[in-house]
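Just the one chain here, the form predicted on its own, laid out as structure tokens.
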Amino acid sequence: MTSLNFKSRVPVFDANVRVGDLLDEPAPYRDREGLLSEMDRHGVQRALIYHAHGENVSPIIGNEYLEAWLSDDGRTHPQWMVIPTSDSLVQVQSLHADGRVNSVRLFDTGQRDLPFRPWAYDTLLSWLSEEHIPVWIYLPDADADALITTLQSYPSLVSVLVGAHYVHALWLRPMLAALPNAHLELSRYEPICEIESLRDEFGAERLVYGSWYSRYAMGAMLFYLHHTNLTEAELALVCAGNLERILEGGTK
């Protein structure tokens, strides 16, 4: 009988993992050891992690809580959340001065609170661009026109667009064409054969595996990627190599 067990056959660096409890939803694991156990179950060696309180309560508090999930064993890597306020920027700049920032995650770029426009985000985005720090941005929250036109104002800023769904399918090709430094995180991008089509059009270098665990299961997209027609070299890029390259840019 065919085994139901699955582990990746290439090294994996998960680009999108949430740790900690939401206000109304406990995490399925209570501590770092629980997360590492889930990673081991799927053959995931490393994960880029942010704290749930960063999106549910406050980016500043979420970043403080994230510290408990870090270690010097190289398995969990911090992703600090930031909003365009002076106190949030000061916190991240202090972490950067200590050599601890190689990516950030924006909090809520939708229209509910603050429009994602240069007049609101220029100080933050200019600093990230000058320091070569890549930025993760939620597609589910985004206004497509604001996202594209604003990022075009910072052409050297590297971005990773998180959580694309099939409802965004009409966005993605013109978006990736308009933003040559943008990459697509794949945790929810499920249209059949679309990953191969995007690979053919834009190259495997623009695609990044992330699970968005614990929002979604860690292994689902990883399993799917192993059943596309990506070559072994392309699979290795998508599952780890592209993220490593993006984060290396943030250490310059």
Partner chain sequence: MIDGTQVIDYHGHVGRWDPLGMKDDPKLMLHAMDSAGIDRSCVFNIFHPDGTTGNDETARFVARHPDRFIGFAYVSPMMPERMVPELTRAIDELKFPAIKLYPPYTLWPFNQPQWFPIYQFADERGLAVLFHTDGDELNRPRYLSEIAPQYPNAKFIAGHSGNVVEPRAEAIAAAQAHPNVYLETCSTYRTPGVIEQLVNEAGADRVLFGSDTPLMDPRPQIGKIITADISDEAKRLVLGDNARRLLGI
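Positions refer to the first chain, counted from 1. What you see is a predicted model; the values in this text were computed from it and never measured.
Omitted from view is the form predicted together with its partner chain, to which the following refers.
Here the chain stands alone, but in the predicted complex its contact with its partner chain, taken as any heavy atom within 4.5 Å, falls in 223-231 among 200-208, 44-52, 223-231, 57-65. Although the partner is absent here, G34 is not a contact residue: none of its heavy atoms lies within 4.5 angstroms of its partner chain in the predicted complex. Within 4.5 Å of any heavy atom of its partner chain in the predicted complex lies no heavy atom of W127.
Although the partner is absent here, A217 sits close enough that one of its heavy atoms falls within 4.5 Å of its partner chain in the predicted complex.
Residue contact check for A169: one or more of its heavy atoms lie within 4.5 Å of its partner chain in the predicted complex. Put simply, of H132, R117, R100, H165 only one has a heavy atom within 4.5 Å of its partner chain in the predicted complex, and it is H165.
Using a 4.5 Å heavy atom cutoff, none of D21, P84 and F107 lies near its partner chain in the predicted complex. Along 175-193, a non-hydrogen atom within 4.5 Å of its partner chain in the predicted complex is carried by S187, R188, E190, P191, I192, C193, in order along the sequence.
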